[in-house]
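Shown next are two forms of a single protein chain, provided one at a time as structure tokens under the names structure 1 and structure 2.
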Structure 1
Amino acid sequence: MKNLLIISTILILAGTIFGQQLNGTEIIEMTYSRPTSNTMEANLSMILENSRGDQRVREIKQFTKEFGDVEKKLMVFLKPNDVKNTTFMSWSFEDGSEDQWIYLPALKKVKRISSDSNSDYFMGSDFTYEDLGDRHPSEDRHKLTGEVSIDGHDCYIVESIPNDEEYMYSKTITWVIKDKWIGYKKEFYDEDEELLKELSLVNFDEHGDVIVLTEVKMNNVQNDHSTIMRLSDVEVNKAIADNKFTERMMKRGIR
């Protein structure tokens, strides 16, 4: 599926060279199919901040690797201490299906968990599991509503309305940086079409043609709570053994 998108992206790019105006769907397809690394290893810090300024910090070591039609991810929780060495593994298939497991050190057991909880919030943060994944462009109807320059970035503004009326957001609006095909800002609207959350890009790194978003901030405007997600020690296309994404490594942790 993603291969098809890459071919269509090449065709779209050829179209833009000859001066054709992109539509909303094509812009979102470009962001979805921009080059990604085959592997990535990084430390992830999540800083949760409430309206009083109280902060809670979660630290995770994460590994990702593409295996043809499946992307495998392993996350080892390092902090807080009561969840230390808890491990989460997911295998995401191109058809959109996903297998997920969790290893809880106290139970000493790897458990398969349902991947049907994408609307749940991840570790008490402002990100849902769905927010952290790549939503396929075909799941929404996209419309280019304008172009604007923000903080020196020329952006397309694309409104996306989900095909599934039961989806947790009634619509999203994304500001896509034109020459990089990454989101600079995104607004999420609740079922009453009220603004719920704002995602903003704080920092990114370029590793060749691969762009890694190294710091983003999600602000829930309805309850004045925010989460900063910061990646550090990012290594892309580094050799990661295939067996990193197995039950064995879930139990062993980062060693």
Structure 2
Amino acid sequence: MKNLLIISTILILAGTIFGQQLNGTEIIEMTYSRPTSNTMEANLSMILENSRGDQRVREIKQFTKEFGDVEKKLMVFLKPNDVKNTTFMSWSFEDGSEDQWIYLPALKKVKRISSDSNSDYFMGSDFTYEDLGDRHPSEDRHKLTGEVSIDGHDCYIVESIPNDEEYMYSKTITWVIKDKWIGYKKEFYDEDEELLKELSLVNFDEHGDVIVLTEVKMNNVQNDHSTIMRLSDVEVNKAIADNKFTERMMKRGIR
């Protein structure tokens, strides 16, 4: 997947294009098109924390697989009992479009997530449905605004403004680690251009040339609520059946 950017990826080497400084668009393209595994299976802990420090923990099994020009993901909630067997599935296409579904056991029905619901928050977390996918570089205008060293990581700072004025965020600012092409920090601004959320990278693992973000934290600065997404027992390029990513499997769950 993401091979639409292969030409620009070949041209970009060691942070330059023919000796020229990268611009904001090229940096975001490199981040979007960095190598990924064909499959990934992992346990996911979703930790919700309110302003008083009270936590709720949700345990999830996650599967991801590449199907040519589409990446498919399945998330099955295991604990606690009030969300057990809830299932979320997404198909992310190379052009930036995405299809998403959720299965709610109480209703015994698979519901497709409409584009109008992209700004809704996912299962009480601080991540919207839109946040769970990879936004295509062409959907925004990108500007390199500076460079900085954070915690020993040399980063580009890129401001991204959406082409669609109706988009839920007025802009985002991303700190991209230069030698790894991963976002170390990202700020999300609301429609009034006030800071809404901050996404921070806590930890990552390297599996050959594949980097897996194993822990990230989204903090909503306006309501003092945060969500940690923590992966464990990560297995890459493990055989996963194609039929895992179907509505039938969403209803069936893990047996």
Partner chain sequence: MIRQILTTILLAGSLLGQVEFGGYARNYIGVLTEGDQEFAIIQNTLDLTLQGWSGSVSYFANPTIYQSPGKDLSFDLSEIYLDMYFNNTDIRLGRQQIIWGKGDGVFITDIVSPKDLSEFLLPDFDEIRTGITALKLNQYIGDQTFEFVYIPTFTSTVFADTSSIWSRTPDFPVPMTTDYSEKDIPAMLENSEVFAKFSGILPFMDYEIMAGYMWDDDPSMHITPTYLGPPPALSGVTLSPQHHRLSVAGGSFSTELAGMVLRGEGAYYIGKHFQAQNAMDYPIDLLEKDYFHYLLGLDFSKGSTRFSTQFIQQAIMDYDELIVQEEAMNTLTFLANRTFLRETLTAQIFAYAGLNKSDALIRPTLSYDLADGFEVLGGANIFVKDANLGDEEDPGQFGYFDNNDMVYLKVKYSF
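All residue numbers here refer to structure 1's sequence, counted from 1. Between two forms, the rigid core is the largest collection of C-alphas that superpose within 1.5 Å. In this text the structure is predicted, and so the values were computed from the model without any measurement.
Engineer: Does the form predicted on its own correspond to structure 1 or to structure 2?
Structural biologist: Of the two, structure 2 is the form predicted on its own.
Engineer: Take the rigid core as the frame of reference and indicate whether the C-alpha of residue 78 shifts by 2 Å or more between structure 1 and structure 2.
Structural biologist: Where the cores coincide, residue 78 shows only a C-alpha shift between structure 1 and structure 2 that is less than 2 Å.
Engineer: Answer yes if the Cα of residue 177 shifts by 2 angstroms or more between structure 1 and structure 2 on a rigid-core superposition, and no otherwise.
Structural biologist: Not so; residue 177 is displaced by less than 2 Å.
Engineer: Under a superposition restricted to the rigid core, does residue 88 display a Cα displacement of 2 angstroms or more between structure 1 and structure 2?
Structural biologist: Yes; residue 88 is a residue whose C-alpha shifts (by 2 Å or more) between structure 1 and structure 2 when the cores are overlaid.
Engineer: Check the Cα of residue 111 between structure 1 and structure 2 on a core superposition and give its shift in Å.
Structural biologist: Rounded to one decimal, the shift is 4.7 Å.
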